[in-house]
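The data below hold one chain only, encoded as structure tokens and taken in the form predicted alone.
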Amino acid sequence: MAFKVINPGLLTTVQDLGRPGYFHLGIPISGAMDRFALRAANLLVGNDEDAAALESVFMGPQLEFEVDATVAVTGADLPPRLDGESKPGWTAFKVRAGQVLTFDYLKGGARAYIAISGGIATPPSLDSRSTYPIGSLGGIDGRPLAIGDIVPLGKGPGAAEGRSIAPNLRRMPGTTAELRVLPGLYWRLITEAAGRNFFADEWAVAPEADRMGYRFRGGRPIEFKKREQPFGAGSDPSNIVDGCYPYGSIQVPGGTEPIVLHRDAVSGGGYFTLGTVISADMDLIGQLQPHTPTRFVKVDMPAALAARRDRRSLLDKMRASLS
């Protein structure tokens, strides 16, 4: 049971919900940039939520199926076509052996998730099938899909055609994205004015945005309080003695352009971090295109925990709608 890659698109990788438990060894969690969309796609086709699927960036692949299957495409608005016939997104549809799945041009978002009944059955690496190219882990030999790849599928009965997730249960960023931030340990290093400016300014997603991190530009530079740099930290005030980088943390090298560290980011380094994007908003980052206007919104811990509860509630509603 498998499908053949006729064209891999721009960047298509195998991803599941990641490989937690190895961050202390410098191995990132990896996995889907938009975990909600991956869960939705898997549920639509009758898979477990953490089954491996495909993550496609900006352009979809061209896949030829060797077996009958159920398929669903969620996340970015990247309209699927089956033998040239349009199929709806966020909806399960049947594919027959010999049919070819292609995609129209991207209409919104950045990353689409393609789930197939039975799940992708590539060999797991460190308890996950997620592709981590820098470490050559997971997926197809630790790399994105390539022309001619034969990708194995697990066995699964599939779900009924036409199962769909209602638009009010789909989660995508607004025209101006808002990312909620919990200030962190090193917030004390910047001036009060710099802190106000960071949240008051409108930023834009830079072209340098990938699975390791999203860079933002357009706001005012970060000003630092005067201090004597500790031994080993270097002369730039944005440098620290090496520290840990939580998932979602925001580093600002040189105090100029914030970088939100994402699924494939390193676990530590020598740049200060001014805070962390809350977990409830990390999926939204994976759907941001370059030049998207973005604002950072300051929140406290109770607000971050409330947002996490709201996100879990949305997941529960989605599950209930498909039960």
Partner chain sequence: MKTRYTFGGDEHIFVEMDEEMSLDAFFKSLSMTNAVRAAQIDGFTEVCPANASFQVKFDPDKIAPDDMLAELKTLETVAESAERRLNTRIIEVPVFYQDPWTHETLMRFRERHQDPKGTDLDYAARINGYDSAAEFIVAHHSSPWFVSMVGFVAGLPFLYQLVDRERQLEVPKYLRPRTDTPKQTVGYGGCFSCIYSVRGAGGYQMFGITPMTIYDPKQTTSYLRDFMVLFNPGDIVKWKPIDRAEYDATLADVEANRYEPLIRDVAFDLAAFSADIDGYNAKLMEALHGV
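Residue numbers count along the first chain shown, from 1. Only a predicted model underlies this, so the values are computations on that prediction, with no experimental measurement involved.
Heads up, the form predicted in complex with its partner chain isn't pictured, but that's what we're talking about next.
Enquirer: Can you pick the one in Gly156, Gly135, Pro88, Pro152 that has a heavy atom within 4.5 Å of its partner chain in the predicted complex?
Expert: Filtering the options by heavy-atom distance leaves Gly135.
Enquirer: Could you check which residue among Ala193, Ile147, Ala97, Cys244 gets a heavy atom within 4.5 Å of its partner chain in the predicted complex?
Expert: Flagged contact: Cys244.
Enquirer: Each of Leu17, Val71 and Lys317 having a non-hydrogen atom within 4.5 Å of its partner chain in the predicted complex: is that the case here?
Expert: So, no: the whole triplet misses its partner chain.
Enquirer: Tell me the stretch among 283 to 291, 25 to 33, 60 to 68, 43 to 51 that has any heavy atom within 4.5 angstroms of its partner chain in the predicted complex.
Expert: Selected stretch: 25 to 33.
Enquirer: In the predicted complex, does Gly232 come within 4.5 Å of its partner chain, counting heavy atoms only?
Expert: Flag for Gly232 set to yes.
Enquirer: Using a 4.5 angstroms cut-off on non-hydrogen atoms, would Tyr186 count as touching its partner chain in the predicted complex?
Expert: Yes, Tyr186 lies within 4.5 Å of its partner chain in the predicted complex.
Enquirer: At the 4.5 Å heavy atom threshold, is Leu11 in contact with its partner chain in the predicted complex?
Expert: Taking the distances in the predicted complex, the answer for Leu11 is no, it never comes within 4.5 Å of its partner chain.
Enquirer: Evaluate Arg227 for contact with its partner chain in the predicted complex, applying a 4.5 angstroms cut-off between non-hydrogen atoms, and reply yes or no.
Expert: So Arg227 counts as contacting its partner chain.
Enquirer: Any residue of 290 to 311 with a heavy atom within 4.5 Å of its partner chain in the predicted complex counts; write them all down in order.
Expert: Result: Met301, Ala304, Leu305, Arg308.
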